[in-house]
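As a starting point, one isolated chain is supplied in structure tokens, in the form predicted alone.
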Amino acid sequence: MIILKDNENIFDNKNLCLVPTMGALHEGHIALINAAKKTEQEVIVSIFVNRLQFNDDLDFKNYPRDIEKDISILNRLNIEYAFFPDEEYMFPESGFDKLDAGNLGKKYEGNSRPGHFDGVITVVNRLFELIAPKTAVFGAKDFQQLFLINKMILEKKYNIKLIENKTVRNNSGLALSSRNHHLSKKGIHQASFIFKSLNAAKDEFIKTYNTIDAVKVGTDILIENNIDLDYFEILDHKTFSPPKSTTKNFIIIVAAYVEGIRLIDNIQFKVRATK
């Protein structure tokens, strides 16, 4: 494995598949890397904790970091490149494109974390500029992020294929996240009710096609388990906006706090349209 701090001009004309991460690698990241390896392209994993996507400086400072463990995992997975850029290289004083995620970037997750998605698409765009991958792999857990990155790819006319890898969960259904490191055993158990709430809301919606009732079923589970809710929304999967009578593909998104740690999740499903 070649470890890089900058692109060293070795990426020119390479057939690369990029897996962008912020480190603290876990089984979810490993699943992304394994998906990248299936493309039969050379795999590059970037590790960069992006200050721009944190609206809380303490959250940025407390974000879990374990570079030695990350390098050990990447070596074991036998990938071709590991990219560890520093902040000065990613965001040079000479300037870089600061992107705006638009109105959707201010909703849902963006409403609670102002500027978050501006920072996300700015850093992903910067990685695309530096690495010029043919393919990039992202997890489905951060679906709003995935939606906005895909929109950015289309707007900038990048010839990059986006692979959406399904969310990896523990045995209780909790979506794997680097932030889970901050939870106690009790918190891990408590957080498992987030996925249960999504499934319950999905089942209620399929049965009644009533958004209000389905959301209530899901949020009641969170309240009963002392989980602080931020948002819980049923949306059209294709447009990431409130569903219409013609919607067939749905997504339920949730953000909540367990032991003060912010966790997000979603569930995707299909139902027959009413028109």
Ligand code: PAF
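Only a predicted model underlies this, so the values are computations on that prediction, with no experimental measurement involved. Start at 1 with the first residue shown and count on from there.
Same protein, other form: the form predicted in complex with pantoate (PAF), not shown, and the subject of what follows.
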ask   = Is Leu130 a contact residue for pantoate (PAF) in the model of the complex, using a 4.5 Å heavy atom cut-off?
value = no
message = Check Leu99 for me: does it contact pantoate (PAF) in the model of the complex (non-hydrogen atoms, 4.5 angstroms)?
response = no
message = Does any part of Thr21 reach within 4.5 Å of pantoate (PAF) in the model of the complex? Heavy atoms only, please.
response = yes
task = Would you please decide whether Phe138 lies within 4.5 angstroms of pantoate (PAF) in the model of the complex, comparing each non-hydrogen atom pair?
result = yes
query = Are all three of Gln53, Val120 and Gln145 close to pantoate (PAF) in the model of the complex, meaning a heavy atom of each within 4.5 Å?
reply = yes
query = Which one of Leu74, Val124, Ile160, Val168 is close to pantoate (PAF) in the model of the complex, taking close to mean a heavy atom within 4.5 Å?
reply = Val124
Location of pantoate (PAF) contact in the model of the complex, chosen stretch of 221-229, 235-243, 203-211, 45-53 [non-hydrogen atom, 4.5 Å] = 45-53
